[in-house]
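Let's start with one chain on its own, the form predicted on its own, as structure tokens.
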């Protein structure tokens, strides 16, 4: 099993989630291969040419920053030519990471959503969803800009926010998703202009739970789960993952005010933050699951 890491070399004493995962994977027995951090600006076939070729198809996971789809696709091919197989093929990676592609698989488990490619399509989306709505790009939301940057209460608000997301190609990849604003259980943190929900991140490989933890990087009373709540949360994660055409899946799941759970969105754990998922047990569990191959 191979970990392809975009962590800096040598590993710093303190670091981000990429560093934490790299260190934990190495301790769990993964072969760690450093890869360039600037693959989006290089030809992956040339950048990875020094990696020794393997016999067969050795399974691998990449940890790093979100690449363009073209870079992911080229990297997947370059690695395959060297006998290394990323667990998520390009279409699987794109399907779970771009919400408009994941949504058809998650209907009924996630808030109702409509995709638009222009502010001119907003009125039709609002006719289906009503107001207010939450807006995000196919890949990312403008969460770092605060709650009001993500929510529209009028048609004009929605058009303005759609236009803002479309201007950020890295966020939208040319599409914006308008979403039903469901009543999530949440509270406000003074230091953050965004409501903190009872939200958890779950990583699954081949439908099995590899790790999960509270999503928000703040100590909160919302993070505690009863055994019954944990079982219900993880049951939804397994059901959602079973619908998605990818081996390695990240799911963000939030509690509604009535105590039920909803899928916020899916992602690719190769490029998803750990939140409060403990890296040591995570990488040991991933190794155990892949080790059965």
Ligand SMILES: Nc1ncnc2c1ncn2[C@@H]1O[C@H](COP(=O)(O)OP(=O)(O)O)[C@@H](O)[C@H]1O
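On a predicted model such as this, the values are computed, not experimentally measured, just so you know. Numbering follows the first chain given and starts at 1.
Form predicted in complex with the named molecule: not shown, discussed below.
Chemist: Which one, 202-210, 133-141, 71-79, 154-162, holds residues whose non-hydrogen atoms are within 4.5 Å of the named molecule in the predicted complex?
Modeler: Partner-contacting stretch among the options: 133-141.
Chemist: At 4.5 angstroms, heavy atoms only, are 181, 184 and 264 all close to the named molecule in the predicted complex?
Modeler: Result yes, every residue of the spot touches the named molecule.
Chemist: Does the 4.5 Å heavy atom contact test between residue 218 and the named molecule in the predicted complex come out positive?
Modeler: Flag for residue 218 set to no.
Chemist: Under a 4.5 Å heavy atom criterion, is residue 147 part of the interface with the named molecule in the predicted complex?
Modeler: So residue 147 counts as contacting the named molecule.
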